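The data below hold one chain only, encoded as structure tokens and taken in the form predicted alone.
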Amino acid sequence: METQDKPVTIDRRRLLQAGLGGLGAWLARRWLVAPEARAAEASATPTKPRADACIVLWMNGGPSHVDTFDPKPGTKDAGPFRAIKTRAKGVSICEHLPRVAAEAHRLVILRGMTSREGSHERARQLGHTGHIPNPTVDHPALGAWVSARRGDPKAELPAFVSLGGPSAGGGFFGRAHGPFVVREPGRPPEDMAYGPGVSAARFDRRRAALGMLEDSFEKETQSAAVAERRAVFTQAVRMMRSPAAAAFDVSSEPAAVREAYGDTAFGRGCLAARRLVEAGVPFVEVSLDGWDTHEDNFERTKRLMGVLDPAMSALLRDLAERGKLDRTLVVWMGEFGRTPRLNGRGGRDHHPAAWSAVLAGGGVRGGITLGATDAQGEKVVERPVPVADLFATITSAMGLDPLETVPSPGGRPITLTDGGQVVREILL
């Protein structure tokens, strides 16, 4: 933390990252920002890092909070789902998450999540980058920040892997920090072998020829895209030739382990996420699509919980039994919640005003809830948590500085979190 009482120090890394324009903005921010604002910023400074890795379970479409982790039994449109007690004292969740309930002593349930973004595209962008979409800035995803700050350029596996969904890109950090996307989780990525009739030596000769063409193109155009493409291609070749790539393939796991996660793409994704984290990947996202339940909400949500329940609970238990959960932050979230009131089609619509997120593992307390919604689940009435605060908390738990500021390609100072404050109550 920097204060006015301490001399200004600018390390070489910050200087290189900022460039002259960004450095000017950083200095101006340091001396021109009001003391009160500086004090507020101080409250967002990083806590002791606990997590080496983060696994995000992304519920694409926006899961109903009142049908999952914030049940409202007895209310008008609560529907047929019952609330059940969990292993955490005084905490109840939906009856269709019984295995997650057995792991609730590891969970912190944030029932006061709130935002203003009610469209899928904008809310997904917010949920992946921590920033409201802005047409003038291509914000990096959280995984891209982790890749840029935690990734090893010489690593054999990507620092940011997305299983079963596209996640969000590297933004102004570039494609080298974007997600490595695997559409079919649990299987080896496509195109990992040499083409028919191509040996390793022939492959290398082709790479050398490509390098000569790129040299000529770069000399002629001065395009920065050449270096970026080379970085991605070089990383891909390292992964092709690395035994660590076996982490993507869950077929070698004992049948009992695979069965525990569930015979679904999401279950295989969660198992692959555990293997990838063990292999040193610092950020993995696993997607479960289908939560946009404008129609037939209860049957569809029940079916999705039947996929989520074994996978999420097995992931938490497996990580804990292997001694990895304390160093791995697991995050469950979607882009928003759903309306407590049913529409005319038996569905629930978008509801960004109140929703839930769940954290477990690296650096967070377990067996608690934070925040509350009203009797219907319409509004947050206790301890609201904006998305920026969730991001500040996640990044802080991972040892990143939520206030780190870098210049965008246009010279604008961009902060890792959009003014977020760390939710210290849930951290160890």
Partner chain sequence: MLRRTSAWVALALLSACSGGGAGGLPSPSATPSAPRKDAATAPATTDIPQRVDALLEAEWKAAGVSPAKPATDAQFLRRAWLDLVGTLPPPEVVTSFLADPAPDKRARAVDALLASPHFAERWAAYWEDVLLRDDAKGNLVDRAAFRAWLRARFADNTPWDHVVRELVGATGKSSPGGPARERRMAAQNAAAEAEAEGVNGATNWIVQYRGGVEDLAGATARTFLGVQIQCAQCHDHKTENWTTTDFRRFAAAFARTRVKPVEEKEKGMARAFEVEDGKRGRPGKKATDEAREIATLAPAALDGTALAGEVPRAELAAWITSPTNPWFGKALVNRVWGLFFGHGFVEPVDDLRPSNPPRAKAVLDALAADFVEHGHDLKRLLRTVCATRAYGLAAGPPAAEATFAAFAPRRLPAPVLLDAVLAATRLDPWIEDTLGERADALRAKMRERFRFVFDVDEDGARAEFDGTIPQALLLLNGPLVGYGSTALSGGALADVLVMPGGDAAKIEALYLRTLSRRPTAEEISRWVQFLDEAAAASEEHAAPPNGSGPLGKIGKKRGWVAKTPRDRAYEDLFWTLLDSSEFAFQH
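Keep in mind the model is a prediction, meaning the values are calculated, not measured. Residue numbers count along the first chain shown, from 1.
What comes next is about the form predicted in complex with the partner chain, which does not appear here.
The closest heavy atom approach of E321 to the partner chain in the model of the complex falls outside 4.5 Å. When the partner chain is considered in the model of the complex, E295 lines it closely, a heavy atom lying within 4.5 Å. Interface residue remark: T75 is not counted as part of the site for the partner chain in the model of the complex, having no heavy atom within 4.5 Å. Remark: R175 counts among the residues lining the partner chain in the model of the complex, judged by a heavy atom distance of 4.5 Å or less. This chain is displayed alone, yet in the model of the complex one of G262, G186, G171, G151 has a heavy atom within 4.5 Å of the partner chain; that residue is G171. Of the listed positions (L342, V91, V232, A245), a single one reaches within 4.5 angstroms of the partner chain by any non-hydrogen atom in the model of the complex, namely V232. Only one of 313-321, 222-230, 330-338, 285-293 places residue heavy atoms within 4.5 angstroms of the partner chain in the model of the complex, namely 222-230.
Residues V181, R183, E190, D191, M192, A193, Y194, G195, P196, G197, S199, A201 of 181-201 are found to place at least one heavy atom within 4.5 Å of the partner chain in the model of the complex.
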